[in-house]
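In the block that follows, a single chain appears as structure tokens, in the form predicted alone.
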């Protein structure tokens, strides 16, 4: 290797070593612990096989977490992508005070999920939040928001009722409010990057402004939509702080998520093997979304 290549390699060598130890090394250690009998404060690294994984997939709480995560991810991606796109189209209309609207829509991103969770917990408090306004408007059947234990459109699956947990809707609203600014920025940058000649050509062919967005601009923004969906899926699968600050596990685990179960199992229950198994499952779910995306991007390059 020539000296011109050795010097840059030496500069990045510490980073390579750090990533190997603190990322891949700790992932390997977590995977190993998940296959052991280490379920108390006393370290026990005897091999247990897949016993911890079998326990989890038969566990009521973990099955509830999988159901909650599925619906949270679905509505979170649709909400962030859809609202971000429409806000980007709104700002693209050369409105006055564009920078003011951009700042307003993107402001929630400056907050942490913990702050967002506390704020929306106040707003959705069944007795002191927006229900006070609904009550003064004469609405008698007030929503219970994140305290509602109803599972809509449910049917028995495993040991749980599978369906839409109504309490998760409040959490989805808070998460969408927090992250819509990100998709707005992505879509607005994509729209502004489309040459005016493309729009003019569509208008000359007789397309209305609505058709220009629906048939020309939106298809050209499909790579951005995929990127937003992948990033939001990644966030939703490992979300912890928003749910922890806003609702906790909820009655009958209607707002529980795998990260919270992992935290309580590992650091409060000292059941390190089960906690490690949950962490590995979360990593695999994230990899299902991220790895194909990275491979596709590499082929595109």
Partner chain sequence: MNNALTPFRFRRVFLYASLILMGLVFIMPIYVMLITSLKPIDEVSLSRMWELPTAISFDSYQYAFERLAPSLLNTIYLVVPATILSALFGSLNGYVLSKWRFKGSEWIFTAILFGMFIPYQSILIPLIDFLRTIGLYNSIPGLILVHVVYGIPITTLIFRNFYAAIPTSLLEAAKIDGTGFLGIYRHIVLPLSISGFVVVCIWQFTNIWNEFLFAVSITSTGSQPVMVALQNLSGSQIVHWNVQMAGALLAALPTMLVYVFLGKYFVRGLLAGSVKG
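We call the rigid core whatever largest set of C-alpha positions still superposes within 1.5 Å between the two forms. Numbering follows the first chain given and starts at 1. None of the values given here were measured: they were computed from a predicted structure.
Just so you know, the form predicted together with its partner chain exists too; it's not on screen, but the next bit is about it.
- prompt: Can you pick the one in 218, 162, 182, 71 that has a heavy atom within 4.5 Å of its partner chain in the predicted bound form?
  reply: That would be 182.
message: Using a 4.5 Å heavy atom cut-off, which residue among 104, 222, 142, 204 comes into contact with its partner chain in the predicted bound form?
response: In short, 104.
task: Verify the flagged residues 123, 186 and 234 against its partner chain in the predicted bound form: is each one within 4.5 Å by a non-hydrogen atom?
output: Yes, the whole trio is in contact, each within 4.5 Å by some heavy atom.
query: Contact between residue 30 and its partner chain in the predicted bound form at 4.5 Å, heavy atoms?
result: Because a heavy atom of residue 30 falls inside 4.5 Å of its partner chain in the predicted bound form, the answer is yes.
task: Consider residue 87 of the chain shown here, and say whether it contacts its partner chain in the predicted bound form, taking contact as heavy atoms within 4.5 Å.
output: Close contact exists here: in the predicted bound form, residue 87 approaches its partner chain to within 4.5 Å, heavy atoms only.
message: Although the partner isn't part of this model, could you tell me whether residue 193 comes within 4.5 Å of its partner chain in the predicted bound form, counting any heavy atom of the residue?
response: No, residue 193 sits far enough from its partner chain in the predicted bound form that none of its heavy atoms falls within 4.5 Å.
query: Quick one: does residue 267 come within 4.5 Å of its partner chain in the predicted bound form, counting heavy atoms only?
result: Residue 267: yes, in contact with its partner chain in the predicted bound form.
field: in the predicted bound form, residues of 229 to 259 near its partner chain [heavy atom within 4.5 Å]
entry: Residues within 4.5 Å: 231, 234, 238, 240, 241, 244, 245, 259.
- prompt: After fitting the rigid core, is the C-alpha of residue 136 off by 2 Å or more between the shown form and the other one?
  reply: Yes, the C-alpha moves 2 Å or more.
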